[in-house]
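In the form predicted alone, a lone chain appears below as structure tokens.
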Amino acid sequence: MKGSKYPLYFAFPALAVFLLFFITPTVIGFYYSFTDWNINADTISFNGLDNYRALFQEPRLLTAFKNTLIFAAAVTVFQNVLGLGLALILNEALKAKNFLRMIFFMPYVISPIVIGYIFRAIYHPSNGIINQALNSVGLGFMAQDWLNDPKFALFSIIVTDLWRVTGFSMVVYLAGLQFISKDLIESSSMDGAHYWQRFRFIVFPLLAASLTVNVLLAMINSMKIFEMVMVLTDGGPGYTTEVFFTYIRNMFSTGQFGYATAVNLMLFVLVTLIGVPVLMGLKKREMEY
């Protein structure tokens, strides 16, 4: 390409991998979502919109839809609030800031399955750390069966995932804070701006790019939550913590491949319908200085 720094064909290997491993499976999945493909069928036949009509009439899928949105909204909001708070604290001149950064980021590199098993032990109704701590300080009336009580199960999963992912948001916000000029902050201080004014009118607007990355990734990843739910509750008790991917896993495990593929594509459409407007809205508030 004339005027470009590198030849266009340098991108061909990456495009070939993307086409082979992402675009092709998506197109094939789109085709199978319109078939009656299941474990008992000798042949696969085109059945039009039957799978999509069936999924809109499935109450269990509506429960999974509601739980997924609640989980995604809660994790996206609190992950960013907590991540930004930690970043602001650990951006100050603290002696142990590097050690604390490592401590808070460490859960993110641990497998969600491992974290799930650890928190299953922590949430255990009789031997778990939480209930034992409450009992030891005289607050035994607050002890709960955190994973088997429908009132607390989804809340417990949200807290566990926040513990795992908040460190990632913290690192992204810390990277954004490093690019804000200290001279700009110091000059605003000399003009009489206190901490909250500096944060509101200088720091937060200049963190817009970090906010875009964190919100978008948190939203997409939380809508695809699977491992944590599978290990902690497997969608139970009943279906009170069922999310899209545990529902899709169950449909595949019962051999309803065409229907499960249709549900998977619905999740793709849902993520796109929510993610694109959010991205466009956040990009508008980004600024350079």
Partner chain sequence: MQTEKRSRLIVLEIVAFALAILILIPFFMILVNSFKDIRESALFGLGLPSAWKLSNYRDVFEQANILRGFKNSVMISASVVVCVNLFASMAAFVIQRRDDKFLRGAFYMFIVGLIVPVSIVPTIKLMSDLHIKGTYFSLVMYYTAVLLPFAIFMLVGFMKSIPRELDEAALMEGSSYFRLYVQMILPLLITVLVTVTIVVLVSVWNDFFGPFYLMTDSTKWTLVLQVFNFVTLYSTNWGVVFAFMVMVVAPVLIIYLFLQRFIIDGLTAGSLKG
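These figures come from a predicted structure and were not determined experimentally. Numbering follows the first chain given and starts at 1. Each form is matched to the other, and the largest set of C-alpha atoms that superpose within 1.5 Å is called the rigid core.
As for the form predicted in complex with the partner chain, it is not shown, yet the points below apply to it.
Peer 1: Should the three residues 104, 110 and 179 be counted as contacting the partner chain in the predicted complex, with contact defined as a heavy atom within 4.5 Å for each?
Peer 2: All three within 4.5 Å in the predicted complex.
Peer 1: Under a 4.5 angstroms heavy atom criterion, identify the one residue in 139, 184, 121, 81 near the partner chain in the predicted complex.
Peer 2: Spelling it out, the residue with a heavy atom inside the cut-off is 121.
Peer 1: Can you pick out, from 257, 34, 65, 239, the residue that has a heavy atom within 4.5 Å of the partner chain in the predicted complex?
Peer 2: Among 257, 34, 65, 239, a heavy atom within 4.5 Å of the partner chain in the predicted complex occurs only for 257.
Peer 1: Please name which of the stretches 152 to 160, 168 to 176, 139 to 147, 73 to 81 has residues with heavy atoms lying within 4.5 Å of the partner chain in the predicted complex.
Peer 2: Among the listed stretches, the partner-contacting one is 168 to 176.
Peer 1: Is there a non-hydrogen atom of residue 190 within 4.5 angstroms of a non-hydrogen atom of the partner chain in the predicted complex?
Peer 2: Heavy-atom contact with the partner chain at 4.5 Å: absent for residue 190.
Peer 1: Heavy atoms within 4.5 Å of the partner chain in the predicted complex: does residue 45 have any?
Peer 2: Judged by the heavy-atom cut-off of 4.5 Å, residue 45 is well away from the partner chain in the predicted complex.
Peer 1: Applying a 4.5 Å heavy atom distance criterion, does residue 131 contact the partner chain in the predicted complex?
Peer 2: No, residue 131 is distant from the partner.
Peer 1: Classify residue 52 as contacting or not contacting the partner chain in the predicted complex by the rule of any non-hydrogen atom within 4.5 angstroms, answering yes or no.
Peer 2: No, no contact at 4.5 Å.
Peer 1: Could you run down 217 to 236 and flag each residue that has a heavy atom within 4.5 Å of the partner chain in the predicted complex?
Peer 2: Residues within 4.5 Å: 220, 224, 226, 227, 230.
Peer 1: Under a superposition restricted to the rigid core, does residue 12 display a Cα displacement of 2 angstroms or more between this form and the one not shown?
Peer 2: Yes, shifts by 2 Å or more.
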